[in-house]
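Here we start with a single chain on its own, the form predicted on its own, put down as C-alpha cells.
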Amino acid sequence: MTRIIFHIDFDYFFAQCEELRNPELRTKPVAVCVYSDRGGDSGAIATANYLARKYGVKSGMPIKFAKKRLESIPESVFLPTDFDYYTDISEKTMNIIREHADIFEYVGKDEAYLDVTKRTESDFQKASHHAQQLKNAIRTSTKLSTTIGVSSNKLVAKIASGYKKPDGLTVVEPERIELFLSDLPIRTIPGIGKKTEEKFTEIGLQTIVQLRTLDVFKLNELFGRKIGAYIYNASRGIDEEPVSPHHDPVQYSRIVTLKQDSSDFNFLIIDLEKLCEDLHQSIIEDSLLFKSVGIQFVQSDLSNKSKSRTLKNPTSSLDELKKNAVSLLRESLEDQKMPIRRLGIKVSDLSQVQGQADITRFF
C-alpha cells in the first residue's frame, strides 16, 4: 500500500494563542517575545502573526529591531511568552490529532506527523477529505488554525505544509512529487540552511530542479557522504523514514485557568487535586513512573512562578502525587503576594514500568 502521511503545523502558534485569548489582537501586528534577564528590550522574537510579518518581523529577530520595524504602527503589540498557556492549547489539540491517526508522531508543541494509510485505504482523495475533517475538528474544539501537507512520505508532507499558509491544505500525490518540488527554492528542503544555500548560489543553483543536475558524487564531495546522499534523495522527494510513535516525554503536565484570581489555599487545592487526578490517569495509561513533582503558577500580571521537588524513589502513586503537590502549594503560598490566575501540576524524571516499551503520549 502507498503510504499516506500528514504533516500538521499550527499557524504562527504562540501569536495565534494570544489572539485566541484576546480576539482584539487579530487586527493588530503581534509579536511574542522571549525576554532575557538583562531587562528592557533584551531578547528575541519567538513568533509573530502575519500582520507583523508584513513589516519584516520574524522569529529570532532581536526585540529592539522588531520594534524599530513597527515603530510607525502605534497599535503594534509585544507580549511575553506564556509557555504554560501554549502547552495547554497544544495538549488539547494534539489529543484531537492523535484520534485521527493510525500512527501519531509528536514533533513539538505546534507540529506532528500522522500516518493515515489504513484509515484512508491509500486513497489520496479520501486523505484530502480526512485532512479537512481534522482541520475542522481542531477549529471547532480549540479555534486554532492549522496547515496540513499530505503526501507519501514525511519529507514531502513537511514541505507541502509550508506551501500554503496560514490555514492551508496541500496534497501531493506520488506521481506529482518531482514536479511539485521542481520550482521551489533549494532552501525549502528541510535541513538546508543559509550557509548551504549560499554554497549552491555560488555555483548558480537556486531551485530544486537545478539542484538535480548535481550527481551524488559531487554532493558527497561538497558536503560529505551522509549529507550529500540526503540532499540527492530529498531533491527527488525520496524519503523512507516511517512515522514513529516513539517519543520520550520530558514531562507530563496539566494546567487550568481558575474561575477567579486567588491565592487562597482552600480555593486552590480543589483545582489542584482535580489536576493531579487527571494527570495521574495519563501516567497510568502510559505505564510510567515519575521521580519529580512540580507546581506552577501564572500570576495575575501573567508572570510565571514554579516550585518542584525530587522524590527518593520513582513512583506512580496518586497519593504521593497529591501529597507532594499539596505540600508544594502550601510552601509556595507562604510568600505569595500576587493573586494566581492559572494553576498547573507537572511530573518529570520519567521512567517506564518494566515490561512497557512503548510511549505514545507527548506529555
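One-based numbering along the sequence shown. Given the structure is predicted, the values throughout are model-derived calculations rather than measurements.
The same protein also has a form predicted in complex with 2'-deoxyguanosine-5'-triphosphate (DGT), omitted here; what follows describes it.
So 2'-deoxyguanosine-5'-triphosphate (DGT) isn't shown here. In the predicted complex, which residue out of Leu328, Ala46, Leu311, Leu318 has a non-hydrogen atom within 4.5 Å of it? So the residue touching 2'-deoxyguanosine-5'-triphosphate (DGT) in the predicted complex, by this definition, is Ala46.
Candidate site Arg98, Glu121 and Leu134: all three near 2'-deoxyguanosine-5'-triphosphate (DGT) in the predicted complex by heavy atom within 4.5 Å: Judged in the predicted complex, none of Arg98, Glu121 and Leu134 sits within 4.5 Å of 2'-deoxyguanosine-5'-triphosphate (DGT).
If we take heavy atoms and a 4.5 Å cut-off, which stretch out of 303 to 311, 332 to 340, 65 to 73, 47 to 55 is in contact with 2'-deoxyguanosine-5'-triphosphate (DGT) in the predicted complex? Looking at the other structure, the answer is 47 to 55.
Gly60 near 2'-deoxyguanosine-5'-triphosphate (DGT) in the predicted complex, any heavy atom under 4.5 Å? Answer yes; at least one heavy atom of Gly60 falls within 4.5 Å of 2'-deoxyguanosine-5'-triphosphate (DGT) in the predicted complex.
Would you classify Glu19 as touching 2'-deoxyguanosine-5'-triphosphate (DGT) in the predicted complex, given a 4.5 Å non-hydrogen atom cut-off? No.
Is Lys126 close enough to touch 2'-deoxyguanosine-5'-triphosphate (DGT) in the predicted complex, meaning at least one heavy atom pair within 4.5 Å? Answer no; every heavy atom of Lys126 is more than 4.5 Å from 2'-deoxyguanosine-5'-triphosphate (DGT) in the predicted complex.
Quick check on Lys165: any heavy atom within 4.5 Å of 2'-deoxyguanosine-5'-triphosphate (DGT) in the predicted complex? Lys165 belongs to the contact set for 2'-deoxyguanosine-5'-triphosphate (DGT).
Do any residues of 1 to 36 have a non-hydrogen atom within 4.5 angstroms of 2'-deoxyguanosine-5'-triphosphate (DGT) in the predicted complex? If so, which ones, in sequence order? The stretch 1 to 36, when checked against 2'-deoxyguanosine-5'-triphosphate (DGT) in the predicted complex, contributes Asp9, Phe10, Asp11, Tyr12, Phe13, Phe14, Val34 at the 4.5 Å heavy-atom cut-off.
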